[in-house]
Structure formats: structure tokens, C-alpha cells
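One chain follows as C-alpha cells, the form predicted on its own.
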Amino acid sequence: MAAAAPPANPASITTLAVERSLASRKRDWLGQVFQVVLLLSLILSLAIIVFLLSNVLGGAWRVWTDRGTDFLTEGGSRQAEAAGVWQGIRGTLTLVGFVVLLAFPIGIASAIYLEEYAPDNTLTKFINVNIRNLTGVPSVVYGLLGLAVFVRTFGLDRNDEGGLTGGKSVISAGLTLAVLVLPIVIITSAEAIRAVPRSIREAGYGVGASRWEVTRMLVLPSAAPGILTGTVLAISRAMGEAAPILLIGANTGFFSSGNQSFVEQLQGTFTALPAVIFGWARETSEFRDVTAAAIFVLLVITVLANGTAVWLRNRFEKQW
């Protein structure tokens, strides 16, 4: 008597059925057309970027060959051949200092609370959703917010003078940029903290550590690479913003601080690299090359900041 055949493996039957279905299916013409459209979109985008960069590099190259590093060390001027970007670079670095001193501590502390201390309830979810929505708000809206709050509310006293922030000043612009990048810092820091495995926290609690000790000694050191990457990207975002500081009152031309003290300079007229570029772009054709050179400087600074963020991520990122 012949032996009974073993029962067929359900997994193999399913595999054969899927293979037959795929083999008998007609060619997916719509899928291929969609793929071609995506490829053409990519090529068009790259072509536009290359065209814009070629125009910028062409004008910048003429300035660098004629003036060398003098373009970086000279201040603003009404003459294109004497104009430089030092005032803009200095102003940008000053504004970045406000972002580092204000947005980073508040943003990281907020992320720690939301991820480690806040209860998982409707209010916490509502706060998280709104923080993520704030990252999509146009920067010009933050400029209007800074103009209404930091310039007019806190920037004018009873006599319509300087007030706390000095009106249209470095302080007002720095506070506005700090508010602008604050949601980015919170989100990136929260994602880095959330990526730390739960087992690390449980190990700390298992040896009797408190929540603060676990957060300070285990969670934050493990999340530090991701937090650092997010903060560098926030700095890059702040350096390239033009609309907020223009609304706050950034100077687009030449100015001199004279013999003002450091505190007086913080409450006085200011400029930044995006504002310098905006001002030169509105001038005559004589400023075309120096505008391109200033754009190139801003691009280099931004690329270096983003490259630093990528390097930090690859250098210190942990694989769990």
C-alpha cells in the first residue's frame, strides 16, 4: 500500500499563488509612467539648482579674484567695489548667540519634560501636536510676532523710547529667532530622547536610581548625539532667515556703532548676512557680483553647519 503524501506547507502554497499572480499580471504601464515622471522631476530640480549655483559662483568668482579676502573683512559701503560682508557675518554670529543661549536650554528642557516626566494624557498630546504644527508656520509670521511683542510691547517705554529690548534691535531679533527655532529644538531633542531604549531606563530603576538620576546619567548621555545634531540644524535654520529680521528692522545698508558699549550695541541698529544680501539685491547692477559673493558666503556657512550636523550624527550615533 502506497504511503500517504505529506500535507502541503501552507507557506509554500501561498508563495506559489503569489508567484503565479505576479507572472500572469500585465505590465504595469501606469507605474512605469509614474516612475518616469518622478525621474524627470528630479532632473528638472537638479537642473534649476545647477543653473542658480552657476550664476552665483560666476559672480562670486569675479569678486574673489579681484578683492580676495578683503571682501570678508570690509564693512558695508555705498560703493560696490568697497562693500564687504564683515558687518553681516558679525551680526549673524551675534543672533546665533541668542539662539544658543535661549532656545537650546529651554527647548532641551521642554523635550526632557515631555518625554520623561509629562503624563501620557490628552493635554500632553495636544501640546506635542501644536509644537509640531509650529514648525510649519512661515518665518514671516514669527517676524510679525517679534515686531508686535519684542519691538512694540517690550521695546517701548512710557516715553516711546528704548524700553527693555531697545525696539528694533539685536535683542528683539535674537529673541524672535530663538522663538522661531524653539519648536525644532524641542522636536529633535524629543526624538533623540525617545530613541533611547526603555531597557536602559529600567536598568537604572532596577538599581534604585531616581527618575532624575536615570535621566541625567543614562538617558541624556545616550541621547546627546541626536540632541547635538538637532541643535546644529537649528542654528543653520536661524542663520539663513531673512524675513523675520527684516520685519524687526535689520539695517540693509552701511551703519556705524561708533563708541557704543556692548549693551548699547545690543539695543541699537543691527544687520545680518541675509539682510545684507537683501539690501544689495535691491541696488543697481553694480552690486550684482558682490550680492552673488555674499550669497556664496552664506551658502558656505550653511553647508558647513549642515555638514557638521551630519558628521556629528555619523560620529556619535549609537546603534541599539
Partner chain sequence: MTQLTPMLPGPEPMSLRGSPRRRRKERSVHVVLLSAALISILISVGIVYSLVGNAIDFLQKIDLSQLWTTGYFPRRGLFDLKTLFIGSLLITGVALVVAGPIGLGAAIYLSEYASPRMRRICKPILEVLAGIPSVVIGFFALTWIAPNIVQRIFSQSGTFSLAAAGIGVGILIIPIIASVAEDAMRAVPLALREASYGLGARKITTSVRVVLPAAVSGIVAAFILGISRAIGETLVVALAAGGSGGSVFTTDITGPGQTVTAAIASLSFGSDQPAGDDAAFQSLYFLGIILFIFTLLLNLAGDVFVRRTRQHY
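Residue numbers count along the first chain shown, from 1. Everything quoted here is computed from the prediction, not taken from an experiment.
A second form of this protein, the form predicted in complex with its partner chain, is not displayed here; the remarks below concern that form.
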{"property": "Interface residue in the predicted bound form among Ala224, Ala209, Val100, Leu72, criterion: non-hydrogen atom within 4.5 angstroms of its partner chain", "result": "Ala209"}
{"property": "Sole residue of Val232, Val179, Ile184, Val96 within 4.5 Å of its partner chain in the predicted bound form, by heavy atom", "result": "Val179"}
{"property": "Non-hydrogen atom contact Leu247 with its partner chain in the predicted bound form at 4.5 angstroms", "result": "yes"}
{"property": "Contact flag, Phe154 vs its partner chain in the predicted bound form, heavy atom cut 4.5 Å", "result": "no"}
{"property": "Partner contact for Ala60 in the predicted bound form: its partner chain, 4.5 angstroms, heavy atom", "result": "no"}
{"property": "4.5 Å heavy atom contact, Tyr113 to its partner chain in the predicted bound form", "result": "yes"}
{"property": "Contacts with its partner chain in the predicted bound form, stretch 38-67 (heavy atom within 4.5 Å)", "result": "Leu38, Leu39, Ser41, Leu42, Leu44, Ser45, Leu46, Ile48, Ile49, Phe51, Leu52, Asn55"}
